[in-house]
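In the structure tokens that follow, a single protein chain appears in two forms: structure 1, then structure 2.
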Structure 1
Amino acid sequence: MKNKILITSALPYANGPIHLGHLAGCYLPGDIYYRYQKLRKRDAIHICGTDENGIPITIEAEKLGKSPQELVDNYHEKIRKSFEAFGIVHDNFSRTSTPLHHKNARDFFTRIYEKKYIVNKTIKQYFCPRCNRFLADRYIEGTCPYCDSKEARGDQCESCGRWLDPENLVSPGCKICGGTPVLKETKHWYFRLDVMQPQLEKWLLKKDNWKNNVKKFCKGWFKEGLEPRAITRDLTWGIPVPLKEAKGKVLYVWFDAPIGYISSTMEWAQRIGKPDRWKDYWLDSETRLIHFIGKDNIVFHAMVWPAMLMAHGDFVLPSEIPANEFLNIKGGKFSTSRRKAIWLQDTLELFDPDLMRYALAVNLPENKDTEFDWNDFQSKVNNELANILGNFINRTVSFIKSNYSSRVPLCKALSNEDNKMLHFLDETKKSMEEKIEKFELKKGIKTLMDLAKAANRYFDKEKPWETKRNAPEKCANTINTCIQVTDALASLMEPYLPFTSKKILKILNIEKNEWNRVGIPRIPGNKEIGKVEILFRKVENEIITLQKEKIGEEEKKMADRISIDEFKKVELKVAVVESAEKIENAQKLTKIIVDIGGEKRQIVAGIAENYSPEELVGKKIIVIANLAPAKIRGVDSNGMLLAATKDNKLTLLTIDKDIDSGAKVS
């Protein structure tokens, strides 16, 4: 076993808060693994930070009317805090907007550029003149050339599922502003993945202990043959490409993000006052570099990133990539951008972190996607944590309190049954070690629960409430054994349930044990225990019902909300009414001719019951100038006027101070 372990968790993207899917995917597994390694006294560090570059950040910021910097500052802080409250321990939690990281990313690029692993190419790409930016394929929308659906994206048609090239779209439009994009030449820099393929393949071949999902995925890529991959973007937000001829270009977010692992480690070293300490990990080929990620990141961590590291040459390569599948929400996927999620910060307001840590840990998507369901959460907390684990500990300490004046009874000689119990405890510890080392974390927590179940069985079988009366020595042995098991449970659960672990130690009135001594009874007879405390309160039905209702509400709000750009599509102008007449045979309709800054328009409006033609002439009103023309009762209408209505009242929108007709309203 190599000594040094560098653990990373995928850098969370700073365009939204953390949700349960993120936690189950990598942050909780990373934390469990790290806590375990620390308990084993291994030289391990856990490194993370927010990923703050890239196009989606700029778009999300625009939507909210904020600058990208404000957006990432906000989410960086939120994410950091909620991780802390959830008990995710990082040695360093950095961000990819630090000067140190910018420098590292530039240096990394320069190094592999000089080693000729980067080439440039000029391509044609859609550019939106109105937004003044190049559009990624998925931000282009148009009519599908195959099925005529109007909602095809530049990369794929949502309707028929065909993959498209943006150039093939009929009447392409910018998804952000609705403008018409034009094809424009642009130059980009490409990382020669094709050159790296042979050594990458050779390296991956040796990783036969890796998870299947990772290996199979890479195999597929190799089969198709790797191609140079663009690592620059036309964007102002991000890390500028360190080349004179690359003005206005930044590094692709996926290029700089993993370098963030290195930057964050450097930052940690500086923070602890040993600025060279990061080298002990990154520059030592004996270090085990372990990346906890979700399956969406496999291609970058198992192929692009190792290839980058190989090209660079100085750093250690990943030794393990325990990639989880996805945790889905009942009835669909989590989505940060669409705000369909169960947010960590919300659950922290309602529940002790360990409740969620447990519910997620026993249902980690290690082999396949799994589902989170609030009813399931409730039953896991109530039936498993509270009834099995919590109750065993409670019945043990309560027994000591009421029968032995809160002093642990002396154990004289262990019976066969007692020894069996302690032996099972030993087995549990070994088994947990094996499972965690193999990244089978779900099995690890289940093994722990098996110990609690065995302990309950033992308690029932030994009947201390009876032996107390007719065989007091036996009773003392039983309870003494139970308290040793309780103590061991506290230590063994620490990677999974750190908060509860602490609570139990407090009840036992004892310091944390050394992992390698766990299993050896250490609570002395006659020791006074602390105040008895309920470890897990039951989760009530009401609160679960509320949580279930909450899912989807936020999503709906987001869907109904429009962006400023959508509003900008509506062209509102001031118009003056030049003439008006009632339309015959139509009770409500009036035909008016308006002047919009010199342009005459005929508009049909349903205002005849509220305004007479005479009243209307000369009024300055607000009209929608870019509404598609329509025929109403056979009369052409080219625009629409604005009026407020409630019940049967109707009043026209007009202007507060005089302004020329044709003036824009916004």
Structure 2
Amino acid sequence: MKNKILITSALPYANGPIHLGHLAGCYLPGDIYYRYQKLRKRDAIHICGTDENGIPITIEAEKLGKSPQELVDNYHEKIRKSFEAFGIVHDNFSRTSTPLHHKNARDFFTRIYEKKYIVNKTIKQYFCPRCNRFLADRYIEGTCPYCDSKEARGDQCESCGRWLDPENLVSPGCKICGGTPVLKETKHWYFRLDVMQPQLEKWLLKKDNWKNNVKKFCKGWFKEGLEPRAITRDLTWGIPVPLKEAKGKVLYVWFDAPIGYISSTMEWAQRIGKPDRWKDYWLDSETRLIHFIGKDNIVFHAMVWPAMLMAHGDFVLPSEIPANEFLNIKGGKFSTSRRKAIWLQDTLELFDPDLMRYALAVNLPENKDTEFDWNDFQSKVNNELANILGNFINRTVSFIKSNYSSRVPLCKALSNEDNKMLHFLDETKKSMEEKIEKFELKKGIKTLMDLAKAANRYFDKEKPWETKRNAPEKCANTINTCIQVTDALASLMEPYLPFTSKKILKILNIEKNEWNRVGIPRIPGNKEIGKVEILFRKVENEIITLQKEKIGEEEKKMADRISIDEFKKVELKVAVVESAEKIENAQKLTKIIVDIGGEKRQIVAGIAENYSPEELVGKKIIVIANLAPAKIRGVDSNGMLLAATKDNKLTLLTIDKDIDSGAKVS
């Protein structure tokens, strides 16, 4: 085991709140692993911060009508508070908009540029005529050429995980206005991944301990051959490229973001009054650098980032990259940009954080995608936390309170069963250590629950409620053993259930857990225990029903929305009304003849109560020109006009400036 452990969790974009998918992907695993290492008294630090540069920020800011700075300031604080409330512990939680990080990113770029690992070239890039700007990759959406997903971005397809360039997309469209972009020439700077491939491949092939999903993903890229990757973008928000000839360009967010790990470590060192302490981690080859990420970040953390570090030459390379798959909801991926999620802040208003930490920990998507389900959450809380773990601890401390005046009974001579139970503690600790060290965190929490189950069986078999009367010494030994198990459970659960662990310590009147003492009794006889409290309250059906209904409402909202591709199918044109007349025996209907650029159309519309035929003639209106023909009250209608209604009043959509009929509305 190397002496120093530098743990990072992927920097969350400051474009939205934290959801359960984020937590299951990297933040809860990173916290569990870090807490465990600290309990083992190892030199470990946990570094993170918000990612505040790049296109996801500008897109969300434009959507909300805010400046990027206003957006990131708001979400940085919300994310920080959410992590804190959920029990996620960081030695430093920074942000990539700090002057320190801007300097580090520019210096990093300059270093590898001077070493000839960065080149520039003129390319054709998509330009939106309607928005009058070059479109960075995430401003473009289209169909993935590999898996046919209709929601692929210009940089990556979230469905299949493939890394894309905008020109790879089928039917690309501008994410902002929905228009069709055109290719225009511009200049960008590229990182020579192709040159780095031999060194990178040799390094990666030695990682026998890495998860299969990471190794398999990388091998696929090596087989196709790495190519130079653009690391600049046409944006006004971000870190300016430190070259005179790159005016108006900023560093690609996935170039500057991982450098944020270094910046955050530097910030930590400054904050603790030891400004050079960061070097003990980043400049020491004996440091274990561990990146907790989701699978959509594998390409950047397992290939691009290590290649950047190799090109720079000074810093330690990643030791492990335990990437998780996706936690889904109702068969679909959590998505911040599409607001399809269960938000952490909402769950914390309803449930104690350890309930959610447990439900996620036992369902971590470590080797395959998993799905969050509210019924399963209720079952995990009620049947496992409350009925097994909470039940054992409650029956133990309640028995001491009722039968021993809240003082732990003395243990005089352990029986074989008592020794077996205490031995099981030591075996559980060793098993959990093995699993957590291998990043099998889901197996780790299940091992903990196996201990709680065994403890309940031990309590039932020894029957202290009977031996208290007919074998008081045996009863005292049993309950003393049970309180030692309770103490061990508090230590072993701390990485997973830190809030519950603290509650148990308070009941036991103990200041802190000691992982290395698990299996060795440390609660002395006659020690007074504190106030007994229920550790886990069961989740009622009503609250689960409300959460399921909430998901259903969100899905309905999403289902009611149409995609850009669907909207593009609607053909809106300017039309001139040439004649109009009411339809007999139809109080609301008017038949109009319109001219759509030389083409005559008959349309039936429900506007008779708001417009007389005379008012309509000569108006330039907007019509849907490609609507399928229909019969309304037996009259042919070949199109539909657009109007707005409020309080039963209807107003036609017209043109505010003169334009020819037949003009396309876009």
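Each residue is numbered by where it sits in the sequence of structure 1, with counting from 1. This is a predicted model, so every value here is computed, not measured. We call the rigid core the largest set of C-alpha positions that still match within 1.5 Å between the two forms.
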Legend entry - Of structures 1 and 2, the one that is the form predicted in complex with the RNA: 1
Inset, instruction - Determine whether the C-alpha of Glu609 shifts by 2 Å or more between the two structures once the rigid core is superposed. - result: yes
Inset, instruction - Kindly check if the Cα atom of Ser579 is displaced 2 angstroms or more between the two structures relative to the superposed rigid core. - result: yes
Legend entry - Pro129: Cα shift of 2 Å or greater between the two structures (core-aligned): yes
Inset, instruction - Superpose on the rigid core and then read off how far the CA of Val170 has moved between the two structures, in Å. - result: 10.4
Inset, instruction - Could you tell me how many Å the Cα atom of Arg138 shifts between the two structures when the rigid core is held superposed? - result: 5.8
